[in-house]
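Just one chain is shown here, as structure tokens, and it is the form predicted alone.
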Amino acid sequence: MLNIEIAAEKLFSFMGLPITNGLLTSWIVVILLVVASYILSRNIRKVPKMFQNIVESGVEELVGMMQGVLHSRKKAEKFFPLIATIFTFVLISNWLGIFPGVGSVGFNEVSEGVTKFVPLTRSAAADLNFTLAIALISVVMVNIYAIRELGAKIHFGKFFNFKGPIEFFVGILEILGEFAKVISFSFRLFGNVFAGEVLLIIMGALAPFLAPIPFLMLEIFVGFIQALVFSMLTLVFLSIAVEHEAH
């Protein structure tokens, strides 16, 4: 019988904090990125070889895309660390979720007389806590960059405007809009990745040979698109925030 849990399963506790399989996967992604960054930084050459060429091409493509949105190379390079970090982290998390063993290697746990399978790892973005954390980081960083660009008085002035009842009401809507961004960000990514994971589980149970391959290819594409959408939306919100009240 298929066992599909919406919430990430708890593996153990550390200092009273529950460690879930989704959190464990996100730690694995962080370790992979740190190791890859260290190896790459130790092997940077003036005449790049194949892997360095691929990375440099990807960086240049992303900076060019950001420049198209921001209409400024300088701003694109300034915001690149945030956008590239979000894109890379979400992308690797999504792709790692379809690796063999993720979601299928685990242990049986007896709870209230019922035995259920608990996977050791699951796609990080299939855990709402993960997507909510990334969404909060995205929105908070947008506001921090806006404060640095415009100053705290101008930036917070759009939220707390007492010039008149209409301006005050618009400020309230702006505050609600910040919360709406967090909800939209987190549920969009979670919904897409979790739905893909459920689809793969069902296809794997119904027809484990060959049939899941097209859906695995689809998940690779969806994982890339979702990472791109998340990072580009962050960039668009960032572009709007730093230009606010500037004209």
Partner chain sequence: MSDLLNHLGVDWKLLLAQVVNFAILAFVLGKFAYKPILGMLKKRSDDIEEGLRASEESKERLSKTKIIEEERILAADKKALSMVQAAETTAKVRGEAIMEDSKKKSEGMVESAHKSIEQERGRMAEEVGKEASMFVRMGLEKVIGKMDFNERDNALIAEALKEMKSASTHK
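These numbers were taken from a predicted model, which means no experiment stands behind them. Numbering follows the first chain given and starts at 1.
Here the subject shifts to the form predicted in complex with the partner chain, a form of this protein not shown in this document.
Proximity to the partner chain in the predicted complex holds for none of 118, 120 and 184, with the criterion being a heavy atom within 4.5 Å. Just one listed stretch, out of 87-95, 100-108, 145-153, 162-170, contacts the partner chain in the predicted complex at the 4.5 Å heavy atom level, and that stretch is 87-95. In the predicted complex, at least one heavy atom of residue 132 sits within 4.5 Å of a heavy atom of the partner chain. At the 4.5 Å threshold, heavy atoms of residue 81 reach the partner chain in the predicted complex.
Contact check for residue 69: no non-hydrogen atom falls within 4.5 Å of the partner chain in the predicted complex. Residue contact check for residue 136: one or more of its heavy atoms lie within 4.5 Å of the partner chain in the predicted complex. Screening 202, 30, 220, 195 for any heavy atom within 4.5 Å of the partner chain in the predicted complex leaves a single hit, 30.
A heavy atom within 4.5 Å of the partner chain in the predicted complex is found for one listed residue only; from 206, 210, 50, 34, this is 34. Contacts to the partner chain in the predicted complex (heavy atom within 4.5 Å) from stretch 19-52: 20, 22, 23, 26, 27, 30, 33, 34, 37, 38, 40, 41, 44, 45, 46, 48, 52.
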